[in-house]
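As structure tokens, one chain now follows by itself in the form predicted alone.
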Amino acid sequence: MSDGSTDVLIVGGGPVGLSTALFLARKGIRPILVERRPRLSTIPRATGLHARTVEIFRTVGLEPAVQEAGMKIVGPGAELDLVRAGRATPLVMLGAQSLADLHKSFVMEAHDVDYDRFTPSWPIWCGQDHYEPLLFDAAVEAGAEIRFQNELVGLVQDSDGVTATVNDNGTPRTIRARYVVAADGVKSPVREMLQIGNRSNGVAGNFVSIIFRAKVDLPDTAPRFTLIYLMNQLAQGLLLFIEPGRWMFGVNYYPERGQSPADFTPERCVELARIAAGDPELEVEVESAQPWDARHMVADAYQSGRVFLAGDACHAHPPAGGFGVNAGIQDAHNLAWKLADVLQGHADESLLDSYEAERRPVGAATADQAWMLFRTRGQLADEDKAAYRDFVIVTMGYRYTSNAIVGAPADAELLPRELTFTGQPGSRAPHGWVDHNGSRVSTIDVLTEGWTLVTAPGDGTWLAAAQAVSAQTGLPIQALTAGPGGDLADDGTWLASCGVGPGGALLVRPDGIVAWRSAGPVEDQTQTLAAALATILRGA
């Protein structure tokens, strides 16, 4: 039975699939999303949302709701009133035997990042059971169609599109799509259908995550934390603070010793929760016990014809660094605007090649960083230290090189050693506070509304060039001035920080990445801008 057609079919209704649906719908594309489960997740996985992910949520209006649903991630010892009130959590990992022995604990990892220096958005500690409904509601409101109990069982591609076969709660249906985005998890059936291989370092450990509720009163003098590595002879693993009164205990099991998830009976889970708390009489409510493995994997390709992989379908990481869902949402953000520009006739399909060219190197580097950190517990050997990058660099300091970037340095490091935002093509445009239309806003808020050209006030030639190129190509281009008296009014510091001097201009893509830059004047602004966009959008 046929069940219609769509420009984009999304497979998988987790955070990455829902984000893809939202980003596309806000660009005017009405996707269909199919999810085999009957409902959204009720399990608080993927709890750490890094600053770049929160920035992306900010651009689609979700940052306030995510902040309300979660807790601000702060540095050790910072904002203690918020921490004690359950509105913030410090980015600290302790080593201890139990919660009752925190007075004997020691700091294994602590991170204190001055986020205000480079972003308007602080990271948020929020389980996906809280932010998935926000993504769902926003995607549906924007025009996405989401179908639960719909399992994709077949794909056939041709030169014009993809025919997908879906099991709709027992009824076979077909959906015709021009493109498919598979965000269907680490065991991705779509990746298997496409016969895309992968590179893997293997599995670093097998775990069962026990989600439980218990009232654990910590004294005000107890050190505050987000994670505890429990070094207890009775039970070893990671104890994760989810929210007040709710915890996750990730416990190792060893298949080579004959152990399996079946060993984690409800009674055993209660016993383990009590061991973690250090209270043999603690009242415990076990919500769930989910097996998982700390797997490293990078797909050999992110695209096969008209089908694209995103999130865990194309990269899997051990949990060290908390990169997983963040990398997936950034995949979706990178791909969605490209699909929209192609579908709306603003770009040739060659633009879509840049998705794999940009995101696969970042995905591989991210997986390798997570593997290194997880295997070493943060205690890096000398040979690892040269390759190590701070987690903030991994999540937002990367540099793209592709046909969708013009002028990126040939020797640009994918993950630079220092976190800097200089306006270099291929990097995220710098954040700065400016006055815009009577409000104090971040440049991040303005530079992600579409294609944007920024130049200094008084230079009407670039503004005229943007208008002319937009009229010639049909591509909407927002043209702004930055500096004293400009559309983005400041003292001139922000544009200078982008490496743009008098007579120069900065072109920013819809995902906030610098696409091209002219540091100073050029002979023909219209021709120069048209050539840069033709390279990016048409492969010319």
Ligand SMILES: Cc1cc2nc3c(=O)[nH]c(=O)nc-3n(C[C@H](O)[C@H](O)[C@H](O)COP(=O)(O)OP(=O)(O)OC[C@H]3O[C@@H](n4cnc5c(N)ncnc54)[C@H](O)[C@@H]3O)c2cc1C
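Residue positions are given as counts along the sequence shown, with the first one as 1. For clarity, every value in this text was computed on a predicted model and none was experimentally measured.
This next part talks about the form predicted in complex with this ligand, which is not shown.
K.L.:
Candidate spot T452, A515 and T528, all three in 4.5 Å heavy atom range of this ligand in the model of the complex?
P.N.:
The answer is no; none of T452, A515 and T528 reaches this ligand.
K.L.:
If you check in the model of the complex, is W292 within 4.5 Å of this ligand, heavy atoms only?
P.N.:
Yes, contact at 4.5 Å.
K.L.:
With the cut-off set at 4.5 Å between non-hydrogen atoms, does E358 touch this ligand in the model of the complex?
P.N.:
No.
K.L.:
I'd like to know if G185 sits close to this ligand in the model of the complex, meaning any non-hydrogen atom pair within 4.5 angstroms.
P.N.:
G185: contacts this ligand in the model of the complex.
K.L.:
Just checking whether R37 would be counted as a contact of this ligand in the model of the complex - the rule being heavy atoms within 4.5 angstroms.
P.N.:
Heavy-atom contact with this ligand at 4.5 Å: present for R37.
K.L.:
Considering this ligand in the model of the complex, find the one stretch among 272-280, 364-372, 176-184, 346-354 with heavy atoms no farther than 4.5 Å from it.
P.N.:
So the stretch in question is 176-184.
K.L.:
Have a look at N150, T89, T448, N334 for me and say which one sits with a heavy atom within 4.5 Å of this ligand in the model of the complex.
P.N.:
Among N150, T89, T448, N334, a heavy atom within 4.5 Å of this ligand in the model of the complex occurs only for N150.
K.L.:
Looking at M248, V298, L99, I73 here, can you tell me which has any non-hydrogen atom within 4.5 angstroms of this ligand in the model of the complex?
P.N.:
Looking at M248, V298, L99, I73 one by one, just M248 meets the 4.5 Å heavy-atom criterion.
K.L.:
For the heavy atom contacts within 4.5 Å of this ligand in the model of the complex, list the residues of 8-34 involved, in sequence order.
P.N.:
The stretch 8-34, when checked against this ligand in the model of the complex, contributes V11, G12, G13, G14, P15, V16, G17, V34 at the 4.5 Å heavy-atom cut-off.
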